[in-house]
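As C-alpha cells, one chain now follows by itself in the form predicted alone.
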Amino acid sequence: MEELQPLGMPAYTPVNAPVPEGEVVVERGSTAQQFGPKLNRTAADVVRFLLQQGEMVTATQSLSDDMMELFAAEVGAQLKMVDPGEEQEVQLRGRLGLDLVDDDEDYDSLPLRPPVITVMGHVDHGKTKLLDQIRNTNVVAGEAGGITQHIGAYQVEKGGQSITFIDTPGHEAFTAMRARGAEATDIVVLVVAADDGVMPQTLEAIQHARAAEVPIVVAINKIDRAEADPTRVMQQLSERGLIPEAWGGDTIMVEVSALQNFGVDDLLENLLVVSEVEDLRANATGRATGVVLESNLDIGRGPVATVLVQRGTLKVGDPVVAGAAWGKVRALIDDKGKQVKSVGPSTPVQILGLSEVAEAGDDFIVAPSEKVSREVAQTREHWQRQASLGSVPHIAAGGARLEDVFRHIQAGETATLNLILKADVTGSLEALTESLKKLERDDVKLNFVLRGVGGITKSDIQLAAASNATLIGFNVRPDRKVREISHHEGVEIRTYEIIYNVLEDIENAMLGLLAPEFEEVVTGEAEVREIFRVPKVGSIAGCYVLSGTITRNSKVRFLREGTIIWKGTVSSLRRFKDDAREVNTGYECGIGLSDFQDLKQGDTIETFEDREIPRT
C-alpha cells in the first residue's frame, strides 16, 4: 500500500549533492534554515523529510537533536552536536586571556598558598558541627531541619598559617554541589560518624574526591558516643581502599568529637602536614581567576557572588566576568563579614557589583577592561538564550498540574508536569532541578518552564497561568499581592524549605498518594515602618498591619523582598504602651520577635497557622 503524504506536500526524494566529509558541527536548537545548508541541503528538504516522518515543523522552528540526527542518517552525514555558543566560547576565553594562564610560569618559583579543604560526608554525620568548632560560629541553628543547604566558604588560622574550608551539603540531592566543591579543592576531609559507619553518601564523597584526584583525610566523628566504634569505621574504609596509616596505609584518620571539641586541633595539624607534602603554590600577581561557589540576589546589595580566588589578586574596582554576569567590583566582603581591599589565592570572598546572579560553578576572571567584560558576558547571554530556546522549542500548554498527574497516568496518558522553580540561591536551584529530573518516568515527564533566583513575582504567576505550570518556591515566598493574583489566575504555588518535602510531594503525586496535608494559611501581614531599641529587650518593630490580624504567640515569617530571612514566633505585641492579644488591619503596633534582631524598614512580618486541607 502506498504511503500517504501530508496534503500539498510531495514525498521527500533524496538530493544527490554530496554531504560534507567528516563530522559536521551543528548547534543544538538550529532551525531548518540553519541546519540544511550545513549538509548541502535546503530548509525545504529538511522540512519535507520531517513531515514525511510525522514531524510538523517550519523552516524557522528549532529542531530537536533527534530530528537533526534522523535527517543526517537519511543523507549519510556525521553530526557533532554542540551547545549554542560552544565554539564561540573558545574565542571569548581567548579575549579574556584564559588560554594563557600559567603557561609560562615556573611552578617551583611561585609562592605557597593556603590549602583549600572541602568537608564531605553523609548527612547528619556532623560536618557542619565540626566546622562550627573550627570557626567558632553556629551555622546549624539557622539551617532548616539542621541540614546545610548552601555552600559556605570560611578561612581559619592555625599556627600562623591560613586554611580555607568549603562546607558542602550532605543530602544526596546536592550531589552536583558536592562535585563542584571537589573540583575547587586540594584536600577532602571525609567525615564519618563513629556510631554510624560508612553510608551511601560517604561512598559518593569518596568517588568525588578520587575523581578530583585529591588526597583524603578522614575525620572519625562522634567518638564520644557510647556506641562509637572507630575500628569498625576504619575496617569499612579499608574495604573501600582507604587504608589507615596506623595499619600501614597512607590515609590519615583522626578521631574527633565535634560536640566536645576533641581532636579538632589534631585534625588541623594533619591538614597542614598534607598541605606541605602537596606543595600548593599559585601566582599571587596579575589578574585574578577563580570559581563561583555560590550566588544569590540580596535585597539592598543586589547580586552577590561567593567566589574562591585561585590565581592572581582580586581588587576592588576590577572589571570581572563570570558566565553571563559582568561588572566592576564595588566591594569585597570576607568570610567574617568585613570589607577588604584585595584578596589573593585560596581566599573565599563575596563580590558585589555584578550585573546579575552568576551561575554557581562558573569560572570568574578579571577582564582586561570593563568593555571586554560586558561584551563577553552579553555574548554568552545571547548563546545561553539560544540554547534554552533550542532545548524547549515551545511551552507545553497542555501540561498537567501536580494534582492532576495521577489522573493522566490512570487514563494511560503521558503526563507532562510543567514546573516553574524559584529558589533563594543558585546552588539550591541547581540541586532541586537535578533531584526532580531523577523522578521522571516513562509516563511522567517534567518540563521546566522557568528556573530562577529570587522571590515569586507577578510575572512568574502570569507565566505559570499561560503554561499551566505548578510554581514551586524553595526558601522564597510570594507577597500578599502575588498570592491574590495567583488565586485569581488559578495558579498553584507550593513553597518549601527542605528539599525532601519537594521530592516527596512530586513523587506522591505521581503515585496518587497525595494525602491530606496541612496548609499554611496566612493570618496577618504587617509592614515594618520604624525600629525601636529597648534596653535589655532588644529591637522592637514598629509596624502597620496591612491585612488580617496579628496575634501574640502566633507563628511568624520575616520576609525581605519575598525571601524568608527568619522564622519564629511573635514574642510580644503592643498597642502604644499596652500589651495586646491581637491587632487588626489598619492599626499600628509594636512587635517583638523571638531571637531575631536584624530588623529593617520596609520588611514584612507574616503570621500564619497550619490548617488541614483534605485532598479531593
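Numbers for residues come from their place in the sequence shown, where the first is 1. All values derive from a computational prediction rather than experimental measurement.
The following text describes the form predicted in complex with guanosine-5'-diphosphate (GDP), which does not appear among the structures shown.
Trainee: Please determine whether H122 contacts guanosine-5'-diphosphate (GDP) in the model of the complex, using a 4.5 Å cut-off between heavy atoms.
Mentor: Although guanosine-5'-diphosphate (GDP) is absent here, H122 would touch it in the model of the complex, with heavy atoms inside 4.5 Å.
Trainee: Should H208 be classed as touching guanosine-5'-diphosphate (GDP) in the model of the complex when contacts are defined as heavy atoms within 4.5 Å?
Mentor: Although guanosine-5'-diphosphate (GDP) is absent here, H208 would stay clear of it in the model of the complex, with no heavy atoms inside 4.5 Å.
Trainee: In the model of the complex, is there a heavy atom of guanosine-5'-diphosphate (GDP) that lies within 4.5 Å of any heavy atom of R113, even though the partner is absent here?
Mentor: Because no heavy atom of R113 falls inside 4.5 Å of guanosine-5'-diphosphate (GDP) in the model of the complex, the answer is no.
Trainee: Does G126 reach guanosine-5'-diphosphate (GDP) in the model of the complex, with heavy atoms at most 4.5 Å apart?
Mentor: Yes, G126 is a contact residue.
Trainee: Have a look at S257, S428, T470, S346 for me and say which one sits with a heavy atom within 4.5 Å of guanosine-5'-diphosphate (GDP) in the model of the complex.
Mentor: It is S257.
Trainee: Given that guanosine-5'-diphosphate (GDP) is left out here, which of E375, D335, D224, E204 has a heavy atom within 4.5 Å of it in the model of the complex?
Mentor: In short, D224.
Trainee: Looking at heavy atoms inside 4.5 Å, which stretch does guanosine-5'-diphosphate (GDP) contact in the model of the complex, given the options 307-315, 416-424, 349-357, 215-223?
Mentor: Heavy-atom contact with the partner occurs in 215-223.
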